[in-house]
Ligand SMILES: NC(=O)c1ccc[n+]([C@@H]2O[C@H](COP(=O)([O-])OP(=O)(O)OC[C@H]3O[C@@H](n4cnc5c(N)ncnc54)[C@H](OP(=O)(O)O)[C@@H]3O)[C@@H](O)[C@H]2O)c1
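Just the one chain here, the form predicted on its own, laid out as structure tokens.
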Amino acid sequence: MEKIKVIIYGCGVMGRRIGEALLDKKSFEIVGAVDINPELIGKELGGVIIEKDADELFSKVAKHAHAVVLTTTSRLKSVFPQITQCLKARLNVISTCEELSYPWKSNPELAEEIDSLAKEHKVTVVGTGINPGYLMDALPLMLTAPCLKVQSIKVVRMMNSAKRRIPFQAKVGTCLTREEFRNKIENKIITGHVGLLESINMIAKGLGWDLEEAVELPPEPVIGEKEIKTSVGTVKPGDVIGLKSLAYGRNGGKDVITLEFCANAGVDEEYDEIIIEGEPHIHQKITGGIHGDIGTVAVIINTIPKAVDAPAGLKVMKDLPPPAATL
């Protein structure tokens, strides 16, 4: 069996973890890595040296490579030039960019341009990860398979952010005061979770629902009641230990899709829960939840073969065969 040859584009925490995990797989070979961070350039990742110029790297290895794992940013407008580079080099793209997971509503013009360029060069683009990409969209959709009717879907992700990497803890506002949290959210210095609307729109599209509206409420801070030690510092009582985000899709004046994302350092019971009201009623609860970083690494890796084999164009996870653990 020919190995799938992969380039890592973006060698930060997630890029390096994906690279390290690929080394343990028989199905893949890392043939290149690229990053703009001077502290990473020249270092080794997965048996290759991290380079600084993507075009130069592609000119050397693109003819032999199958796919790029792109792990640079959450925002589609920022990652778009990098996607374009990859497509022009005739490379399939599997990205952690949250806004790429379902861009047809939020960024329709960019989505159309990516789709057209991918088809022109006969390759596939998909944005995925544990969330969005699996837990709060693809998995709920799959769970509706035995349903004759679906009235509503609710998904709750409850996670202890203190177990996650430092950038994630910072992103959810750990150790900030209430005022600092509000200011940083309003000024987009921190983002909280990105991708709830993308997940709602993917679910709606998968079920054939034309939503009246899809709304994401501003993230709310979760306030600590006791002192908690975290990797980013010690949280004092009254300060922020994380956040809660809520989004919903509405039809007929009713919330038919509800997504609730909770990440804070005080969570005692972690879980991922999906409740489908329909015929039949389905209630799935993953006790302990799925670790976000491990899950993202795995979903990205296990999606690579599906993307490489898929028809050309911009795809979302509902368009691909369900990923499964890869050797």
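Residue positions are given as counts along the sequence shown, with the first one as 1. Given the structure is predicted, the values throughout are model-derived calculations rather than measurements.
FYI, the form predicted in complex with the named molecule isn't displayed, but the following is about it.
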Only one of T230, T144, S74, S245 gets a heavy atom within 4.5 Å of the named molecule in the predicted bound form. Which one? S74
Single option in V155, I130, A118, V93 placed near the named molecule in the predicted bound form, where near means a heavy atom within 4.5 Å: I130
Within 4.5 Å of the named molecule in the predicted bound form - does that hold for a heavy atom of every one of M14, L40 and E98? yes
Counting only non-hydrogen atoms, which stretch in 261-269, 278-286, 61-69, 29-37 is within 4.5 Å of the named molecule in the predicted bound form? 29-37
Is N160 near the named molecule? Define near as a heavy atom within 4.5 Å, in the predicted bound form. no
Please run the contact check for G10 against the named molecule in the predicted bound form: heavy atoms, 4.5 angstroms, yes or no? yes
Could you tell me if P218 has a non-hydrogen atom within 4.5 Å of the named molecule in the predicted bound form? no
Look up in the predicted bound form whether P167 has a non-hydrogen atom within 4.5 angstroms of the named molecule, and give yes or no. yes
Residues within 4.5 Å of the named molecule in the predicted bound form, restricted to 264-299 and counted by heavy atom: T296
